[in-house]
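Below sits a lone chain in structure tokens, taken as the form predicted on its own.
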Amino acid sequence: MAFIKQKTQQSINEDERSAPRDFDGLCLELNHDDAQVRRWAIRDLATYTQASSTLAARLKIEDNSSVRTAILDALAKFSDDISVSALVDCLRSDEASLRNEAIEVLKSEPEQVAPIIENLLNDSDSDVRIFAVNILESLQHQNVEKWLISVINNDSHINVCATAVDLLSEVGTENAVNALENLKCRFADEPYICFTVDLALQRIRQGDH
């Protein structure tokens, strides 16, 4: 009797993925018990422009890190309001890895993030404001210095201001000098702020950035 080789689970999954699957079928596979099947579904859903809301909803409940990464990568490709909003929601997550991945994706989307950056910089959560400053680091937008100056002029949280000063030491110009000097006066009893402000002023005046 001929020996019939039993299919492995991997080959079964590969056969299933190679079969024709429509949008609704892929959405159903987002709830599959196998994380690999979910990842395949996400990658295939990335070809559907209407999938951003479905993937954003899945991101809120997905507990597998590799699947979440696949969702974030897919949302980055869409670059629409829904996907950007989902990424911003990640900034409020208790999981540092998810927050950091979302920040990296948002850094790569200057055109989509720029319209909402002011809201992030004025968020009630100081951590979100710090994350917003971190996003500015790679945003390469013409208003980056203007936004940073606004932060150190108006934000009352020392860590938010310190993060903004760190970035101003790299991108700041003479336009930031007055705001930096005022910040130093405002936090005169905080040695770290005084040190970072002095460093930023030195670099700006030397043109070392």
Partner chain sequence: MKNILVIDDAATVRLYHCNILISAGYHTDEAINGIEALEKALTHHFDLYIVDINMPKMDGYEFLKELRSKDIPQAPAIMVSTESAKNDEMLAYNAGANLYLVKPVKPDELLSFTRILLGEGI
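It should be emphasised that the depicted structure is a prediction, and the values quoted were computed from it without experimental measurement. Positions refer to the first chain, counted from 1.
The same protein also has a form predicted together with the partner chain, omitted here; what follows describes it.
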Practice task
Tell me whether Ser126, Ile130 and Tyr192, taken together, all sit within 4.5 Å of the partner chain in the predicted complex, counting heavy atoms only.
Solution key: yes
Exercise for the section: Although the partner chain is absent from this view, report whether Asn100 comes within 4.5 Å of it in the predicted complex, heavy atoms only. Expected result: yes
Exercise for the section: Considering only heavy atoms, tell me if Asp89 and the partner chain come within 4.5 Å of each other in the predicted complex. Expected result: no
Practice task
Although the partner chain is absent from this view, report whether Asn122 comes within 4.5 Å of it in the predicted complex, heavy atoms only.
Solution key: no
Exercise for the section: State yes or no: in the predicted complex, is some non-hydrogen atom of Asn153 no more than 4.5 angstroms from a non-hydrogen atom of the partner chain? Expected result: no
Exercise for the section: Could you tell me which one of Asn182, Asn159, Ser53, Asn143 places a heavy atom within 4.5 Å of the partner chain in the predicted complex? Expected result: Asn159
